[in-house]
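Coming up is one lone chain in structure tokens, specifically the form predicted alone.
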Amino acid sequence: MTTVSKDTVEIAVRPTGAALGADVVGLDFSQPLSPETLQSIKQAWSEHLVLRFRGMGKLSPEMLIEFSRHFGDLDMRPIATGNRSQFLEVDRPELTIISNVIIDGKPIGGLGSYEADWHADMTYVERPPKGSCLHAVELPPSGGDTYFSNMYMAYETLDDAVKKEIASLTCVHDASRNSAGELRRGFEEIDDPRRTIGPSHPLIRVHPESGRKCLLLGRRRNAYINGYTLEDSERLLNMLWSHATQAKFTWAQEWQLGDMIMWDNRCTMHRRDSFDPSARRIMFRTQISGEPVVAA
């Protein structure tokens, strides 16, 4: 456990003991961050990849946005997610709502109540996000938990022969579907991954801040390894996905009301459990802009 003082308040960083994740205790989101406290949080984020801030109560959109800005520019929410001014006291384009709630026949947010498979966010663009902050505003009685996997460890524990095989390989990431799995306007349904339209990223990327190598898998649907036969691409991707999502590389976030989680999208993947669609789940989310992917 590490600590740092902010005026008279002591901030504690307590690792989960799993492959990734740590709790940050004692932070007051209503107060400005001192340079020392901000540096401590950045260091903890780099070391643990996922940070949890528990017992925050309800954070306002402004609080979440201002905190997130300390870690980079923020992406604007997709236009398709609509205007939230009827639901939020302050409608900010940097804020996205993740929810299954429907008001006046229209969803107030995205992703519904179904299970979300393992993925990294928006690898179907040239500059995937750096990370995200997600805050629990309303939660169902059970379900909807989020799991994270450490892509540093996934790469580092590969056999040397596999590391050598994938050292210079790139993979196409399907741009035809959004993060909810919905087919985008203007794209056609494909059933042959060799026809996938989207950016090609290296299977091994170098983290721009830590300098460490990690796997970059993105999403499994319609992924294709350039230069391989379809059979060999499927074989290798199946093996890499099975390896990277082993329980020993993961940590489960069992949500409590008021929790805020921030994760590094460049060196983790995550998934979500389904939950009862008749129960309400409302989350506030910000997304931190990323940088170009650099191959190992």
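The shown structure was predicted, so the numbers you read here are calculated from the model rather than taken from an experiment. Quick note: we count residues from 1 along the sequence shown, nothing fancier.
Beyond the structure shown, there is the form predicted together with succinic acid (SIN), which is absent from this document and is the topic of what follows.
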Out of Phe67, Phe249, Phe53, Trp255, which one falls within 4.5 Å of succinic acid (SIN) in the predicted bound form, going by heavy atoms? Trp255
The one option of Ala175, Leu134, Ile108, Ile166 with any heavy atom within 4.5 Å of succinic acid (SIN) in the predicted bound form is Leu134
Test of understanding: in the predicted bound form, would Leu217 fall inside 4.5 Å of succinic acid (SIN) by heavy atoms? no
How about Asp75: is it within 4.5 Å of succinic acid (SIN) in the predicted bound form, going by heavy atoms? no
Can any non-hydrogen atom of Cys171 be found within 4.5 angstroms of succinic acid (SIN) in the predicted bound form? no
Glu94: touches succinic acid (SIN) in the predicted bound form, heavy atom cutoff 4.5 angstroms: no
Using a 4.5 Å heavy atom cut-off, which stretch among 157-165, 117-125, 187-195, 208-216 contacts succinic acid (SIN) in the predicted bound form? 117-125
What are the residues of 245-274, in order along the chain, with a heavy atom within 4.5 Å of succinic acid (SIN) in the predicted bound form? Trp255, Trp263, His270, Arg272
